[in-house]
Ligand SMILES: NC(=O)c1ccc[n+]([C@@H]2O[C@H](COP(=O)([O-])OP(=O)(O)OC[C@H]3O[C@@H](n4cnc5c(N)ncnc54)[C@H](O)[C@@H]3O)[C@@H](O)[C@H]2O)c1
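This document opens with one chain alone, in structure tokens, the form predicted on its own.
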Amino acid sequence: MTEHILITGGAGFIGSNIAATLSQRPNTEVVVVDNFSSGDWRNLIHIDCEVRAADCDDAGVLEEIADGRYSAIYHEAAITDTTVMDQRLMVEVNTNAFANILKASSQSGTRVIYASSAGTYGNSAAPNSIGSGEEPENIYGFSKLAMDRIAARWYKKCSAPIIGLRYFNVYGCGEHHKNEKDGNKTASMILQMYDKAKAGEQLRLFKYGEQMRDFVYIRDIVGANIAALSASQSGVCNVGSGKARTFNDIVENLGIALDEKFDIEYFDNPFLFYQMHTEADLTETQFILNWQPEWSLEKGIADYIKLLENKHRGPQTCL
């Protein structure tokens, strides 16, 4: 029997990698819905799936969800640019649309796996744990925390699990378009540094490169999403490497991968709000998903740079 799986935001970075992987799964038909405001059609060229241009809470899509067409929904659609300050727009697109999807899925008993964010923690002390230090410092982080709270209200109303995945700093193939749209560079630090290095530009870091983030490779992100298909209970899970690394570590590993030595220019951080240290506590993740990351920063950057050097830009089958 063929399963139909819906991926909203399926032309985006993470959504397209999930689509690429699920399209290779036996007896699985993937349906991608994207309004193409931030996703990119090029991510879908080599993925055998049905593609629709629509908002994630389009009336026709919601009707299909309510009627039980899909065995699972991956909800990746969102405004992901954390510099967007339009509060109403952010909540309408990220939070309200998600509530509509949950209402429809409750009628059919359809599993929902959705993208939350480490932005929910703001500048709370690391390691970051579910249910603690949830103090977002921008409207993006708040919209994701609001999604988690809405999901919790639906846990007992839905017969199938609702699973939120709080992504930390994701990098990997399929993110190239994030550096190309409207000159707004929102791709990972790794890709931005790689592009500068290949162009012979000076690599620059905020003083003095000791900011720490939990960088997680796209292969692990997809692995966690696939594990969520088998999870038996609802909940929110952190998805990261579980180990914070410095910005200096990024440049060092990039140099190793490219066999180059970089001189870094350090400059003052211009942002009033900036997450200085994130690190995923994976206790809930291991309990709910029975999953743990496999890719260290060293392995992930080496694999990613090898793909970039071979001109691989689009998403990949990650399992």
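Numbering starts at 1 and follows the sequence shown. The structure displayed is predicted, hence computed values, not measured ones.
Note that the form predicted in complex with the named molecule isn't included here; everything after this is about it.
This chain is drawn without the named molecule; in the predicted bound form, the residue among E64, E284, E252, D55 with a heavy atom within 4.5 Å of it is D55. The listed set S241, S105, N128, S116 contains one residue whose heavy atoms approach the named molecule in the predicted bound form to within 4.5 Å, identified as S116. Of the heavy atoms in S38, some are within 4.5 Å of the named molecule in the predicted bound form. Shown alone here, G9 lies within 4.5 Å of the named molecule in the predicted bound form, counting heavy atoms only. When contacts are judged by a 4.5 Å heavy atom cut-off, A77 counts as touching the named molecule in the predicted bound form.
The named molecule is not drawn, but in the predicted bound form it has a heavy atom within 4.5 Å of I14. Here the chain stands by itself, but in the predicted bound form one stretch of 192 to 200, 155 to 163, 241 to 249, 168 to 176, 168 to 176, has heavy atoms within 4.5 Å of the named molecule. Annotation: in the predicted bound form, residues F215, R219 and L297 none come within 4.5 Å of the named molecule through any heavy atom.
Along 192 to 214, not one residue places a heavy atom within 4.5 Å of the named molecule in the predicted bound form.
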